[in-house]
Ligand code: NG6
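The chain below stands alone, shown as structure tokens; this is the form predicted alone.
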């Protein structure tokens, strides 16, 4: 569809939170955690009530954000260890590559978690491939997540601040190959934050046990408390440096992912413990970006998207009292499930589109998938993508701009293990899936059931009444739709012998 835009080509910024739930922000009904900057962004912009990440976990949803492809089409798009090879092909169509070819300067700053290298990564030399090989001009990232080693920043192709006399070695799985390096399992007396599972008790970094074993790189090790400041400063510098040309910034926040270690400025700023504090910190980062755009005179010509990669989780490996201090606050709001789940709490996320020069303030019920940024941004930038390279992305820029309140006809999401779900209109269909109904000890419903599930999201946003038995024709219709989208290569999660492994 054609959209009448201002003459100037817009800049684009995607601010992507990590594990933030549909009910975590005041503008989405939360009352326990103050988020004044995001609330102002919502009041000045367009608040989406039916926006979906493509998956209920981080690597798959981030892969889709950058490629426009559903993650189950790439069998490697699963939660990755910190030393995994990059899962985006260097010849694959990407959002940053498309914009760069259209004259944009592009950058990723923050969490990456889509893999680095080719499977035999040299942390002490040049890292290739990396984000610079899939469309980004600049890259300053953590390789995976803040609970995985190595705990260092990667600047372009090299670890930032690495002392060559203290090389980094990384190993995942098995027993600790570095007996001289303390682990949470063997040296719990050295921990400042205790683990709550048997993943987060490997190498201790800054008093916190992480997933994986690592030796060396002491001078390059990040400070958890100042991480948000580091990424924020880099992002503001990129904006200022490129204010005279079109740019795309993928600003990938690490909050509120575990371990939740807020900057001292935000520690104790809420009564919800570290999780509440890092959400307040996240809100502060967003506020600084918006103010910086205004100070640079870029607010009228920049489209800013704020959203999250998947739904919320309270206990995800560390004892930080999130479950207790959460109190009456409901991170998923009225939705069922959370991170890892096939229910809507896993992938339906807050999303705000803000641009005083482009977007009229309001609220929209339009159905939107994060896979659609590829085609929608390309259209707004004047780029053309061959049909064979559009993947699962749709050009619905009118939806982003508030000119269309319908959005997609249907979309696909997935829980952990590539177990896909289809939504069309007000209906959500979850096929029968093997596996436990609860995700380990996290208290989150997986959505697994031996029977098909059908929910009317208009009447039952909490997905409490399974209407499959009363609507066999609708079940058959949506089952056929999902199978047609799968084509000849259904996800591994739909194998009849597949059991969800945690």
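Positions refer to the first chain, counted from 1. Note that the coordinates shown come from a computational prediction; the quantities given were computed from them, not determined experimentally.
Absent from the display: the form predicted in complex with the ligand. The rest refers to it.
- In the predicted bound form, at least one heavy atom of residue 316 sits within 4.5 Å of a heavy atom of the ligand.
- Looking at residue 383, you'd find every heavy atom of it more than 4.5 angstroms from the ligand in the predicted bound form.
- Using a 4.5 angstroms threshold between heavy atoms, residue 329 stays clear of the ligand in the predicted bound form.
- A residue is said to contact a partner when one of its heavy atoms sits within 4.5 Å of a partner heavy atom; residue 58 meets this definition for the ligand in the predicted bound form.
- Residues within 4.5 angstroms of the ligand in the predicted bound form, judged by any non-hydrogen atom, belong to 140 to 148 and to none of the other stretches in 243 to 251, 375 to 383, 140 to 148, 420 to 428.
- Among 370, 339, 210, 275, the residue placing a heavy atom within 4.5 Å of the ligand in the predicted bound form is 339.
- The partner is absent here; in the predicted bound form, the one residue of 195, 236, 257, 408 having a heavy atom within 4.5 Å of the ligand is 257.
- Within 4.5 angstroms of the ligand in the predicted bound form, the stretch 84 to 114 places a non-hydrogen atom from each of 111, 113, taken in sequence order.
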